[in-house]
Ligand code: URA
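In structure tokens, the next block holds one chain alone, the form predicted on its own.
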Amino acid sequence: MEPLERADKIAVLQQLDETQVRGCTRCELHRHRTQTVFGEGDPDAPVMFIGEGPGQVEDRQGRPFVGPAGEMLDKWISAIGLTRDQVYIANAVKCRPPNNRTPLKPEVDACADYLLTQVRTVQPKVIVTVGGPATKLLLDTDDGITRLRGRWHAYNKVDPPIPVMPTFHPAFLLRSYSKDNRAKIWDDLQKVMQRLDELTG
């Protein structure tokens, strides 16, 4: 992939959001949304965090990860030495699933092209997928997040492939907090920091 200039990245992302995503009716999720949640952050971000879908607060505000799970994600971003403004955050689906349920595969597939364009435009050095649906989409696998997390994988729909580190969703830690789960996530984040150091010198 030829890297785009920052202004071009901003223009591509803005056009995708305004002309395609906001009026999207590709799947049934559009019937329940208040508004779409496109994504946000630095278009030159070294790290892209990809979750599964907006929740109630995100649906209301039109921004990703601004509810309780978002507060947790902000702590994770800080833990790897970055701020929210220095990363890019997006979701596998751009509309809130009813009652915050897990997005269904046809819903994730309907949004896949949008996410691919976001990844190709931002061109992060590392992708962190949080939760099962986003991980399954990017890695094209049916394996669960417990099996996939903690090991490096690759997003192969771009050239060159981008390293992917799957980890648990922040909402999982909020629901199932334990020292063991927290340690697993911290281990995943440390691997991200190490890879970033290697790639950025």
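Start at 1 and count along the sequence shown; that's the residue number. If you're wondering where the values come from, they're calculated on a predicted model, not measured in any experiment.
This protein has a second form, the form predicted in complex with this ligand, left out of what is shown; the following refers to that one.
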In the model of the complex, residue 149 touching this ligand (heavy atom, 4.5 Å): no
Taking heavy atoms and a 4.5 Å cut-off, does residue 41 contact this ligand in the model of the complex? no
Would you please decide whether residue 91 lies within 4.5 angstroms of this ligand in the model of the complex, comparing each non-hydrogen atom pair? yes
So in the model of the complex, does any heavy atom of residue 136 sit within 4.5 Å of this ligand? no
Contact segment among 159 to 167, 141 to 149, 27 to 35, 47 to 55, judged by heavy atoms lying within 4.5 Å of this ligand in the model of the complex: 47 to 55
